[in-house]
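In structure tokens, one chain follows: the form predicted alone.
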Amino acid sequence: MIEKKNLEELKKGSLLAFGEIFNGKLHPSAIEVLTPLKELGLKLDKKVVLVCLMDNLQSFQDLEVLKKSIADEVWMVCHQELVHFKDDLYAEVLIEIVKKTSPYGLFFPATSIGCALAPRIAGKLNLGLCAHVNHLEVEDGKIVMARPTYGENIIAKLISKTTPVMATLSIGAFSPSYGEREPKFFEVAMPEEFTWVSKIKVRNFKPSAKQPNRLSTAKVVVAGGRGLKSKENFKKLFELAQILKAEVGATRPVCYEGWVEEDRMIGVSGVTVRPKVYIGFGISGALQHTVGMENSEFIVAVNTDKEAPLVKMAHLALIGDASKVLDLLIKKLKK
């Protein structure tokens, strides 16, 4: 049973997380971002609330997943105009929620939708925004956000000067957690004067034929960098991934050179992974990349440079030409 409440009746001063829903399904990041917020909530004595926007409850397919989440409350805003993602309208709904409930924090997963909404809301409310945060803690009663900075060579700790504290959280940086007690669910009624108007008109909607990768949750990741020397060599990683039932990751330079799609980028600007086995081919190990895979359980590095940072942090290092090792490994595994 989901209780209906007016926006003004909801608890104030909470930590809000945006629960991304697309096409009736909950994005896994909605569960991930709750993990660090729950710890903050306990230290700051704040409730953790997941805010979900959708066209109607009947079309939502993951209610049972939400029942297992560690949120204290789930606020569900339903309206037919929310059937498709519209930056301006979604932002206005969340801005109204912020104005009426005065949250202490507002956090988004660093997905395409999260990264579209967060700066728009921060700009309209004149708030600070910290992007791609991969660690959260409390010091002296304040939220401290950590992210790589200065060419992604150091980790900076930032404290917001504005409230609510706003940040986007890196995908895969936090493990999902599940609770034993079901959150309280509220269907939120927006104020009567709220206008459900958007400048964006959806004329037609065609789902992408391409299946999204599962890089952030993969048990085995094979990743490649410039040391593979060419796009053709990089493509062989997909052959290896198929044999090992793995996902393919990449460094930022090879994504920018067009060897592979940017949604396979591991690191500050991409996805954070924590597989059981990570194999890096021709990757030197710049901080931008390693911050996104450093929590892998077993790291294998293949590189000609024995002084490369990734080689030094690896559990097993193979010193040699990455493309040749890749060929030999595929050939061996096929036998």
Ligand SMILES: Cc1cc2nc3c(=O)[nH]c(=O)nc-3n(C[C@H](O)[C@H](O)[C@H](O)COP(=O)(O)OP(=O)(O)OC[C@H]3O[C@@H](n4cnc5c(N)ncnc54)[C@H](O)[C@@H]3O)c2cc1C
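Model, not experiment: these values are computed from the prediction. A residue's number is simply how far along the shown sequence it sits, counting from 1. Definition used throughout: the rigid core is the maximal C-alpha set that superposes within 1.5 Å between two forms.
The form predicted in complex with this ligand exists for this protein as well; it is not shown, and the discussion that follows is about that form.
Asks: Okay, which stretch from 24-32, 52-60, 38-46, 278-286 lines this ligand in the predicted complex, with non-hydrogen atoms inside 4.5 Å?
Replies: Looking at the other structure, the answer is 278-286.
Asks: Counting any non-hydrogen atom inside 4.5 Å, which residue from P103, P183, G172, G225 sits next to this ligand in the predicted complex?
Replies: Comparing distances to this ligand in the predicted complex, the residue within 4.5 Å is G225.
Asks: May I ask you to check whether A314 falls inside a 4.5 Å heavy atom distance of this ligand in the predicted complex?
Replies: Judged by the heavy-atom cut-off of 4.5 Å, A314 is well away from this ligand in the predicted complex.
Asks: Would E297 show up as a contact with this ligand in the predicted complex if we use heavy atoms at 4.5 Å?
Replies: Judged by the heavy-atom cut-off of 4.5 Å, E297 is well away from this ligand in the predicted complex.
Asks: Wondering, does R252 line up within 4.5 Å of this ligand in the predicted complex on heavy atoms?
Replies: Heavy-atom contact with this ligand at 4.5 Å: present for R252.
Asks: So, in the predicted complex, is A308 in contact with this ligand at a 4.5 angstroms heavy atom limit?
Replies: Judged by the heavy-atom cut-off of 4.5 Å, A308 is in contact with this ligand in the predicted complex.
Asks: At a 4.5 angstroms cut-off on non-hydrogen atoms, which residues of 295-321 are near this ligand in the predicted complex? List them in order.
Replies: In sequence order, V302, N303, T304, D305, A308, G320, D321 come within 4.5 Å of the partner.
Asks: Establish whether a shift of 2 Å or more occurs at the C-alpha of K229 between the shown form and the other one, with the two forms superposed on the rigid core.
Replies: Comparing forms between the shown form and the other one, the K229 CA shifts at least 2 Å.
Asks: Verify the C-alpha shift of L10 between the shown form and the other one: is it 2 Å or more after superposing the core?
Replies: No; L10 is a residue whose C-alpha shifts by less than 2 Å between the shown form and the other one when the cores are overlaid.
Asks: 2 Å or more on the CA of W259 between the shown form and the other one, with the rigid core superposed, yes or no?
Replies: Yes, shifts by 2 Å or more.
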